[in-house]
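As a starting point, one isolated chain is supplied in structure tokens, in the form predicted on its own.
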């Protein structure tokens, strides 16, 4: 992220300048970018980290062969992790829990919040499928005892059971629990827990670096006019607005 470090350098240099904005031309900016050396090996590791963390096993294997970059985790474990994630995203919660336990039973044994959220998602799926009696029985037998031990669990359980009070969930204040986004949230949580159990970072580094880039540009905007990146997908520099 040579641009990020260039921005940081400019922040330090411009801090002592007058209040008027300094104008940095594209030529000067690109020259400074070229002066910042980033090793190709480091960039490859960044790409591999993203592919492994997000579970793109085929892309990771191909990238390993093409770049010679070795992942810091057995790529075979990605397939198992993605099977769990896919099961959650499809609403197959019993299958997901079974797969997690097959991977490492300690994951759920040592993470009561994750186990509760998986069970909560299972309750949501029962409600989604109109299995009201089964949902009530499951909530009473499996989730209520955990709610008695943890107030936050109880609050989440009450929000979930509130879905049963509305025939039309579009008018339900907690209707978002039935959105696919809720499944994705749960899938992301279990994915992170599995990565942690494998001594791997739970979040890819690349998004964090992009957030740092945005922050750095916002800080520099107050000090100077410079060729800015507004489209992160292309990384194209835009001429400074003066």
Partner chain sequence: MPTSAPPPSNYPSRSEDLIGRLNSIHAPYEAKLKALRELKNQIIGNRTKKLAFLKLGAVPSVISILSSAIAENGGGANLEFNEPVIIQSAAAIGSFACGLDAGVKAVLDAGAFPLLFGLISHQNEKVVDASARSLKLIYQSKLAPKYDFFQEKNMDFLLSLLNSKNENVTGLGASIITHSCHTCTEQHTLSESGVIKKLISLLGGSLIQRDASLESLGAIIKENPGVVSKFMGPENGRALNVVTELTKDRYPRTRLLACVCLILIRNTSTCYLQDAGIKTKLILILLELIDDPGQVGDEAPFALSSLIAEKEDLQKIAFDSDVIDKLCNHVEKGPFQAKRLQGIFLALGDLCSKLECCRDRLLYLKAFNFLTDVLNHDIPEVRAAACICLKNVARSVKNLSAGHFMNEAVIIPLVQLLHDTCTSVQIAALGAISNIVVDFTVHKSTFIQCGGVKQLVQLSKSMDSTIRVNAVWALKNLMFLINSTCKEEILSELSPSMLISLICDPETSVQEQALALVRNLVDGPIDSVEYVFAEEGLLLNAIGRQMQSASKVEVVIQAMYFLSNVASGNEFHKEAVMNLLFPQAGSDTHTILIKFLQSTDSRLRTASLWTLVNLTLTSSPGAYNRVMKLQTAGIVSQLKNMVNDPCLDVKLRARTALGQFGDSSTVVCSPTPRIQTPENPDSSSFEQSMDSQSLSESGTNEEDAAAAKQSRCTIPPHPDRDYRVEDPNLPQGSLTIRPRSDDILVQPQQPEHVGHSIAYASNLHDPYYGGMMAAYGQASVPPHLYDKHQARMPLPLEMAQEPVYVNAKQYHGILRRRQLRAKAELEKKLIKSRKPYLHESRHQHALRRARSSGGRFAKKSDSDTLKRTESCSAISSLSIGSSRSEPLPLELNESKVHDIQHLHGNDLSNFRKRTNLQEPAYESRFGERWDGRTSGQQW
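Positions refer to the first chain, counted from 1. Since this is a predicted model, take the numbers as computed values, not measurements.
Although it is not shown, the form predicted in complex with the partner chain is what the next lines describe.
| request: Name the single residue among 103, 82, 135, 93 that comes within 4.5 Å of the partner chain in the predicted bound form, judging by heavy atoms. | output: Among 103, 82, 135, 93, a heavy atom within 4.5 Å of the partner chain in the predicted bound form occurs only for 103.
| request: Spell it out for me: taking the partner chain in the predicted bound form, does every residue among 30, 42 and 45 have a heavy atom no farther than 4.5 Å from it? | output: Not a single residue of the candidate spot has a heavy atom within 4.5 Å of the partner chain in the predicted bound form.
| task | Could you confirm whether residue 196 comes within 4.5 Å of the partner chain in the predicted bound form, counting heavy atoms only? | result | Yes, contact at 4.5 Å.
| Going by a heavy atom distance of 4.5 Å, is residue 146 a contact of the partner chain in the predicted bound form? | It does: once the partner chain is placed as it appears in the predicted bound form, residue 146 has a heavy atom within 4.5 Å of it.
| field | residue 202 within 4.5 Å of the partner chain in the predicted bound form, heavy atoms | value | Contact with the partner chain, yes.
| How about residue 126: is it within 4.5 Å of the partner chain in the predicted bound form, going by heavy atoms? | Although the partner chain is absent here, residue 126 would stay clear of it in the predicted bound form, with no heavy atoms inside 4.5 Å.
| query | If contact means any heavy atom within 4.5 Å, which of 67 to 75, 83 to 91, 165 to 173, 135 to 143 contacts the partner chain in the predicted bound form? | reply | Partner-contacting stretch among the options: 135 to 143.
| What residues, if any, in 149 to 175 have a non-hydrogen atom within 4.5 angstroms of the partner chain in the predicted bound form? | Sequence-ordered list: 149, 150, 151.
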